[in-house]
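Take a look at this single chain, the form predicted alone, given in structure tokens.
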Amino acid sequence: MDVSVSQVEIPTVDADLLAVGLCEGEELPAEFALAPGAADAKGGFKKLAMLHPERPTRVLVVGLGKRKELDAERARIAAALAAKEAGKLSATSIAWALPSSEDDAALAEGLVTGTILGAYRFDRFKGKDPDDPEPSVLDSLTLLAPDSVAGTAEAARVCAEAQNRARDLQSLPSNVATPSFLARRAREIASAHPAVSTEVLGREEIAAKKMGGLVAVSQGSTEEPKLIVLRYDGGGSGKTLGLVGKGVTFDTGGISLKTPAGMHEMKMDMSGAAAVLEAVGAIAELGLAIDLVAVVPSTENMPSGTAIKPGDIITQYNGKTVEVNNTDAEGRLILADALAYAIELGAERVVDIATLTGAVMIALGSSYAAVISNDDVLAAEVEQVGRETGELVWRLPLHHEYKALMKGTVADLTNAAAKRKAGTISAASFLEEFVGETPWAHLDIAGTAWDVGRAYTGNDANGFGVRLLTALAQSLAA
């Protein structure tokens, strides 16, 4: 989407639709007070009213709620509602009058992000009647705002479009978005940015490196697994950031087969991988001054005559042995190898992101992702950027009693605790075994990667984590 910042007067706005915000108890701008439809305008949050002044001919008033509650998140929601109204009107361009506030940059980010995310749709597999006109696409946003927010608006555009690309990856069926497909996407990102390089390992190379987790999970599928590595050389003077994303492109549960209901959604078990890949692209496009290594272990988890069986014992990349007592607890097995490998490649602080446990939905629903960390400073940074981006996280604790749940009987560890206690935390405690003393944070996004229901994401794939990881890289850049 083309995003620009302009200081033109409202009557001269050249857009199919102008959107203005209205807070509770406040008046419309004088030029709209007597326009047809003005009596319907309300300041209640998410209330919409269409005005028809002489110029511009269509003005959408969006209720912002109480002035003291106006923030970037409310701006995202308001912008998404306006984008959807623009779609109903077949508008291809929209202008937003930046609401007055003490933080113009925050509201500008919210309006840009909400517009781009709210205008998203995934319809590439739907048939089109050749006699029907091409559907209109909202492809232009003008912010009527001070020029001082132009940089913020451009950064928001980059991040929101990267998030939409992650949504595309999530939404693609697993017969398209295979591990090889994700590897090709990584190569596209590297080819588009000189500061990014990539390396992709196939089945034989993964086995040669003795990455027992990725080997075990992938052995039931005919699709070749891929270990995808992206490096970004931003020239930063700080510590190298590592990003690790779970890339299970379809998860049947393996021999520990899932129930059929909802299994089709398991094409999105690569949501962590999508977030990492597209965050690297956004970080590179923004030119952030940070050095970064990203590792994406990608595979299918399928039942077959060659699939790993409950009770099998494997050896992970760092040499620890694991009793695989539940083949549906596969994500932690591939992440374990990837975390150890990312640290070997130079990551000095590492964040992994994964649709890891159903338990996190019981604990936090879809409002917050869980963050679990061995480092207070890194955890605080993740929480802060989550608040700023609206990709909220809530920290859960680590404790030696949780770690004890993951001790094996005849191996060092088990991948599935015998007792149904603290499932999200015990899974993270398993991962902690593979990071040593390196500062590490784990994001469990099983409840937030789709079916969230916010105005700017809907209930489908939402690309959770792209803006959070990009903002984290920006906060750590030096």
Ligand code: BES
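The shown structure was predicted, so the numbers you read here are calculated from the model rather than taken from an experiment. Residue numbers run from 1 along the displayed sequence.
What comes next is about the form predicted together with the named molecule, which does not appear here.
Checklist line | Partner-facing stretch of 124-132, 89-97, 303-311, 250-258, counted where any non-hydrogen atom is within 4.5 angstroms of the named molecule in the predicted bound form | finding: Among the listed stretches, the partner-contacting one is 250-258.
Checklist line | Residue (of E391, D337, E109, D269) lying close to the named molecule in the predicted bound form, criterion heavy atoms within 4.5 Å | finding: Exactly one residue meets the criterion: D269.
Next item on the list: Would you mind picking the one in A370, V322, L356, A83 that has a heavy atom within 4.5 Å of the named molecule in the predicted bound form?
Entry: The residue in contact is L356.
Item checked: Proximity of L364 to the named molecule in the predicted bound form, heavy atoms at 4.5 Å -> Taking the distances in the predicted bound form, the answer for L364 is no, it never comes within 4.5 Å of the named molecule.
Check: Would L405 show up as a contact with the named molecule in the predicted bound form if we use heavy atoms at 4.5 Å?
Finding: The answer is no: L405 has no heavy atom within 4.5 Å of the named molecule.
Next item on the list: State yes or no: in the predicted bound form, is some non-hydrogen atom of K246 no more than 4.5 angstroms from a non-hydrogen atom of the named molecule?
Entry: Looking in the predicted bound form, residue contacts with the named molecule include K246, since a heavy atom lies within 4.5 Å.
Item checked: Contact test in the predicted bound form: L172 vs the named molecule, heavy atoms, 4.5 Å -> Close contact is absent here: in the predicted bound form, L172 is far from the named molecule, nothing within 4.5 Å, heavy atoms only.
Next item on the list: Pull the contact list for 306-329: residues with a heavy atom within 4.5 Å of the named molecule in the predicted bound form, in sequence order.
Entry: If the 4.5 Å heavy-atom criterion is applied to the named molecule in the predicted bound form, 306-329 yields N326, D328, A329.
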